[in-house]
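Given next, in structure tokens, is a single chain: the form predicted alone.
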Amino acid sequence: MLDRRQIVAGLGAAALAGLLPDELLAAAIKPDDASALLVIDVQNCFLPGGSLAVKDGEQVVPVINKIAKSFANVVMTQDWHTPGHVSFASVHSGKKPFETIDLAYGKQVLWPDHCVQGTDGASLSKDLAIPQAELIIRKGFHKDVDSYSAFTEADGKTTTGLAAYLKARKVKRVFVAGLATDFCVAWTALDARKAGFETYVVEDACRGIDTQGSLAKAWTDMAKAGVKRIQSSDIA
């Protein structure tokens, strides 16, 4: 014969079973009109065969295409460098890609020539399918300063105007995806927080370069700033 504890336990289990799956599982994030997806630098130079290819970079494209369907507001970015840009190792005698130098605005990683204005390498991936994207922000077109973030150039002062654009449209939270996690994605997410946006990085919709521990540092910095790390499956 069941005692009272067994009956209570049974009722509790039945109640929990009745709640599954929706009530007990974390609620999916449903983007609304106050949400925007920022698709960062999904360009040929960063994809297989490109001059600065990010390992497995092509894998972000189908994930981004899928989650983009949930967003009415989408902004895309393009690295858009001048020939002979200050961030290119080729313009610094004796320097190699991924070495660092000191510039007026701070430490600068030197890169292979990439995303030069008007070249095929600077073009967005032809496999992106986001017809509702409303704006493309081009960055890095000032020859003497690099620009990772979609919001602010590497000098920390020159803005792209993106924050004002989003605020004019009453966007309050942004979701960041693209290439590369530890540079343009992370800098964008950190600047989004500085601009007052609730900020999410969609981890499986990004890939990193990871030079000299940059990927782990980027995630640590983003967590400290209040950036939320999610997966594409968290988005309804």
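All values derive from a computational prediction rather than experimental measurement. From 1 onward, residues are counted along the sequence shown.
We do not show the form predicted together with a small molecule, though everything after this point is about it.
Exactly one of the stretches 168-176, 194-202, 44-52, 57-65 approaches the small molecule in the predicted complex with heavy atoms within 4.5 Å, and it is 44-52. Remark: Cys184 counts among the residues lining the small molecule in the predicted complex, judged by a heavy atom distance of 4.5 Å or less. Under a 4.5 angstroms non-hydrogen atom cutoff, the small molecule in the predicted complex lacks Leu190 among its neighbouring residues.
Residue contact with the small molecule in the predicted complex: Phe151 places no heavy atom within 4.5 Å of it. In the predicted complex, Cys206 stays away from the small molecule, with no heavy atom inside 4.5 Å.
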